[in-house]
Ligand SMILES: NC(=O)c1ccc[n+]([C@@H]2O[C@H](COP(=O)([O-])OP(=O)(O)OC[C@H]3O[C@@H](n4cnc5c(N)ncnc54)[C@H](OP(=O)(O)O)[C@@H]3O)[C@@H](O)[C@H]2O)c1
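In structure tokens, one chain follows: the form predicted on its own.
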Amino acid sequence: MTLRIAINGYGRIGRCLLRALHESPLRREISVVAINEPADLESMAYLTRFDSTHGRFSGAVAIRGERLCIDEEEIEVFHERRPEGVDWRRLDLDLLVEASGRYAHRHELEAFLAAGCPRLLLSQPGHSAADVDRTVVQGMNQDSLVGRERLVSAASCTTNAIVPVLAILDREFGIEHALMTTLHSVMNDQPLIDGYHHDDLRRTRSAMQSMIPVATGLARGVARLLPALEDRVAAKAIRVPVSNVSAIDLVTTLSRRASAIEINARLRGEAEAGYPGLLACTDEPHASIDFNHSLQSAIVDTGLTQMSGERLANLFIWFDNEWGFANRMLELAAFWGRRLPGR
């Protein structure tokens, strides 16, 4: 039985979800039946066909009446700005993917449920752990889903990238403390030139002219997935002027002595056996553009792994913050769908 989903918010993640589904074997299992996006339909179709980061869409894109057609399959389109503006119940959905990033509190999310959505999958963390029924990183804790949940968060792209690596390091070597610095590509909450764009004064500065430190909730996100590391991890983030692909510079104090060779060997083994398709390792001399359109949640650059002494380790992890995360969300939607009552 095909899983019927809708997408709320057709921005970077929303469009990547549709594109990723088109390229994925999951297209036989998942059907996008509706999109809610305030922008006009002509612009939506144009930005589906042409993407400056991921290239031209490989399928046929057309407009038929008030519907977006992808390879002759019609998707109903709405342009509402409020959750209750769409009659979600009429669409006979299995779940709605909330990809606008605008909603994080339970009372905001429950507005979708009240308007007829049976369940929501969020592309962002809940404001607190209590704002959602479950936070899931695909490949880590998806088995915690029982099917009765209505509000599930797929965490964030950065959480999906770092949690598998931290879990392996903590299991194999023990983590006493860790500091994560995310080097994140620019986002739509930044202006191209200086302007009155945000109450964080750093974010009023031109996205393409500076590296800009921003606040991050990554440490809280890690603690939700790996509670044993609560109060032992800290994080900061810097937006860098590239359009896509991000990285995490991880510094961690291990509980036992280790070498860069040993750490890399353990990570390679896990990438091949424990996390195939989600975690990868490379020893080639890469630049960030090499990982554009990468499917994995994280790629450890083993050539940059180093030790200071015998217990202070430094690792460098690449990830496509759009494409990898969009694929994890599709996989999570499919997994959740298989656990729904009656399926």
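The first residue of the shown sequence is 1; numbering continues from there. Because the structure is a prediction, the values reported are computed rather than measured.
The protein also exists as the form predicted together with the named molecule; that form is not presented, and the subsequent description refers to it.
Although the partner is absent from this view, residue 191 stays clear of the named molecule in the predicted complex, with no non-hydrogen atom inside 4.5 angstroms.
Among heavy atoms of residue 101, some come within 4.5 Å of the named molecule in the predicted complex. Mapping the unseen interface onto this chain, residue 182 falls outside it, with no heavy atom inside 4.5 Å of the named molecule in the predicted complex. In the predicted complex, the named molecule stays beyond 4.5 Å of every heavy atom belonging to residue 18.
For the options 157, 233, 121, 248, the one in contact with the named molecule in the predicted complex, meaning a heavy atom within 4.5 Å, is 157. Among the residues 215, 129, 208, 187, the one placing a heavy atom within 4.5 Å of the named molecule in the predicted complex is 187.
In plain terms, the part of the chain that comes close to the named molecule in the predicted complex, with a heavy atom within 4.5 Å, is 75 to 83 out of 172 to 180, 248 to 256, 75 to 83, 137 to 145. Taking the named molecule as positioned in the predicted complex, the residues of 318 to 336 that bring a heavy atom within 4.5 Å of it are, in sequence order, 321, 322, 325.
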